[in-house]
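A single chain comes next, written as C-alpha cells; it is the form predicted alone.
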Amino acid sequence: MENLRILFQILAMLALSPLLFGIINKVKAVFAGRQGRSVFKLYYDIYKLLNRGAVYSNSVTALFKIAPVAILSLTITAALIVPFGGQKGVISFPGDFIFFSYILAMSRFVLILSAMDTASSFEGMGASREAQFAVFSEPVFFMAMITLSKITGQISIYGIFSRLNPSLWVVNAPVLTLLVFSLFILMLCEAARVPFDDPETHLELTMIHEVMILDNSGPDLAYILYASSIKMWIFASFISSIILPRHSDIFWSDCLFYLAGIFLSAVAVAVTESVMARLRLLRVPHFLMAAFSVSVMAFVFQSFKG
C-alpha cells in the first residue's frame, strides 16, 4: 500500500504540474474578458515539441545539448523531496532542505551555463540577471525554512510540514501569514512570473528566463518547459502545505486538500499578474529583499514568542 501511495505521488506530480500554467492563463483571460487558451495548452506544446527535431548552432558544445535533460532531472529530484498530501517525500532525511536548495541551485547553474554556451549576447544578459536574482531569492527560502523549523522543532522538509496543523494557525497566525507571503513572492521569482519576469513578452532586452532558452528547440525546449512547470509545482506545494495543513488517516482526503491548495496558488499567481505590472529590472532586487525582510520579521516574531 505504501508503494502505491509513493507511485501515485510521483505520477500525480508529473501529470498535473503542466496544468498550473494552463490555470494561470485561463484566469488571466477571464480578467481580460477573453475566452483564452485551453488549460491543457502546455501539454499540447510539450507533445508537439517532443515530436520535432532540435536545431543547434555552430557555437554550442555538448554542454548545451545535455543541459535540458540535466535541468529536468535535477528539478524532478528536488520535487521528490517535497511531501505530497501530508505524506513523506520519496527522499527525506534531516536537513534535506539544504540538499533541496542546492539541487535547485545546480539546475539554475546548468541553465545559466547553457545560455552562456550559445555565445549570444542576449542569452548571456539573461543569464547574468538570473544569477543576480538568485543571490537575493535563495536567502528567502532558507529563512522561511529556519522559521518553520523553529515553529515545529523539525529539521527535515517532511518533519516540518507534517507538524503543521490547523491548530498552529491559532497561535502562530501572524508568523505563518508572513511566511506564506514571502514564499509566494519567492514562487513568482523562481517560476519567472510577473512582476519579476513576463513569459508573454517577446522583447529580448526585458526577458530573463525566456531569453536564456531562445536557442533551445524541439525536445530540448520541451524538457525545459516541463521543468519550469515542476518547479512552480514545488513552491506551490510549500504554500499549500502551510495554508491547508491536513494530516488525517484518510490519504485521498489529504491529497484533495493538498491539490486544492496548489491550484489556489496558481489562481493567486494569475490574479497577481492581472493586477500588477512588471517591475523595472533595477527594482527586482529591492522586491526580493523585501521578501527576505518579511521572512526575517517572521523569525523575529517567533523568537520573541518562544
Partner chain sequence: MMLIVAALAIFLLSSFFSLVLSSGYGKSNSFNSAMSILGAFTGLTGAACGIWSGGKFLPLTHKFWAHYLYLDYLSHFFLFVVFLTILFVSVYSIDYLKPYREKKSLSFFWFNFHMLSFSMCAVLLSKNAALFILFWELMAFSSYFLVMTDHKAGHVRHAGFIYLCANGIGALFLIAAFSFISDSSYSFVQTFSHSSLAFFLALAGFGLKAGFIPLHVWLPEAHPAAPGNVSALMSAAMIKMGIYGIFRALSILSPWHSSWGWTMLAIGGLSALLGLIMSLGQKEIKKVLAYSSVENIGIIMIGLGLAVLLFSLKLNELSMAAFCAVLFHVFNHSLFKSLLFMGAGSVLHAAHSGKMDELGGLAGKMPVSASAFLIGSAAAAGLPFLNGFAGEFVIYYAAFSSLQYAETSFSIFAILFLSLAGALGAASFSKMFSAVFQGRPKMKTDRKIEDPGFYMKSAMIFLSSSCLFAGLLPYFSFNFLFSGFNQGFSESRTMLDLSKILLLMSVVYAFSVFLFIILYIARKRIFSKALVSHSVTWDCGYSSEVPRAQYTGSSFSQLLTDFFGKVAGRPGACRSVNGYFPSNFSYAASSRAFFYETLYLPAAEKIKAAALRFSFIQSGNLRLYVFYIFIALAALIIWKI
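Residue numbers count along the first chain shown, from 1. Predicted, not measured: the structure shown is a model, and the values here were computed from it.
Heads up, the form predicted in complex with its partner chain isn't pictured, but that's what we're talking about next.
Checked against its partner chain in the predicted complex, the residues L256, A32, M276, L281 give one hit for a heavy atom within 4.5 Å, which is L281. Interface residue among I155, L176, L225, V194, judged by heavy atoms within 4.5 Å of its partner chain in the predicted complex: I155. Contact annotation: S182 falls outside 4.5 Å of its partner chain in the predicted complex, judged by heavy atom distances.
Although the partner is absent here, Y44 lies well away from its partner chain in the predicted complex, with no heavy atom inside 4.5 Å.
Taking the partner from elsewhere, F251 is found to have every heavy atom lying beyond 4.5 Å of its partner chain in the predicted complex. Contact annotation: D198 falls outside 4.5 Å of its partner chain in the predicted complex, judged by heavy atom distances. From the list 185-193, 167-175, 100-108, 231-239, the contact stretch for its partner chain in the predicted complex under a 4.5 Å heavy atom rule is 100-108. In sequence order, A119, S120, S121, F122, G124, M125, A127, S128, R129, A131, Q132, A134, V135, F136, E138 are the residues of 119-138 having a heavy atom within 4.5 Å of its partner chain in the predicted complex; the partner itself is omitted from this view.
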